[in-house]
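One chain follows as structure tokens, the form predicted alone.
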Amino acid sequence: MPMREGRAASPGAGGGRARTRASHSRESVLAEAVRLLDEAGAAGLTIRALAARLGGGPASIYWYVSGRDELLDLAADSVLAGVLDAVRAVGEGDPIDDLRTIGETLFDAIVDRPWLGAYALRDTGTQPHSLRLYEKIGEQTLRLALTPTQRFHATSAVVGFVIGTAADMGQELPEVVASGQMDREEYLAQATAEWRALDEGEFPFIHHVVDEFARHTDRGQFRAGLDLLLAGIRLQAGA
């Protein structure tokens, strides 16, 4: 990768040599940043920690990013590049079904990475793959009988629902589950018992859905919500 202009260090007061370029690549920096984020979350990703993982000093990271915010945006974008590749061929079938495919692929990429939801499509000016992914979603609405305003709102609704739901479902596990004191089924059973113990007169809706809550899965809940959203878009398009 060519050297960025304006990045060479000025000689020190004693006439020291200019800083030499880091030996690792931009791709290796972003790949290691993603690994660190997967292990420690956004709080664990610092320029110093990343440099140490790569075997250099902080200055070696600044060859490729201007700071931590840009690093986070580019790390997220590098993950979304894989989503874009996975859905690149989508666009020849029913547009609603294609929106569903893109939405589910994006959901799967985010739900297992609690850090990713906060940075996905956060700054499309510096996230080229995010911008292309947003374009890919929007292009499916071009195949529906919608106005520009309706297409903008439909695309925004799909993006917001998928990222928001994935970020919520992918958040850190409760301490009792993370520590191994309980598995997911035991934790869900405890929560279900607490719901059943509520006063039915005060919480009629909770008692009405408690059996559904007891057997639900996060992915099933997501898909049901996405289906409701897409059904609304299809209805609006008169398809």
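As the structure is a computational prediction, the values presented were derived from the model and not from experiment. From 1 onward, residues are counted along the sequence shown.
Note that the form predicted together with a further copy of the same chain isn't included here; everything after this is about it.
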item	value
Listed range touching a further copy of the same chain, judged in the predicted complex by heavy atoms within 4.5 Å, from 94-102, 108-116, 77-85, 145-153	145-153
Glu202 within 4.5 Å of a further copy of the same chain in the predicted complex, heavy atoms	yes
4.5 Å heavy atom contact, Glu194 and a further copy of the same chain in the predicted complex	yes
Glu185: touches a further copy of the same chain in the predicted complex, heavy atom cutoff 4.5 angstroms	no
4.5 Å heavy atom contact, Glu39 to a further copy of the same chain in the predicted complex	no
Residue among Ile206, Ala49, Ala31, Ala59 with a heavy atom within 4.5 Å of a further copy of the same chain in the predicted complex	Ile206
Residues of stretch 209-227 in contact with a further copy of the same chain in the predicted complex (4.5 Å, non-hydrogen atom)	Val209, Glu212, Phe213, His216, Gly220, Gln221, Ala224, Gly225
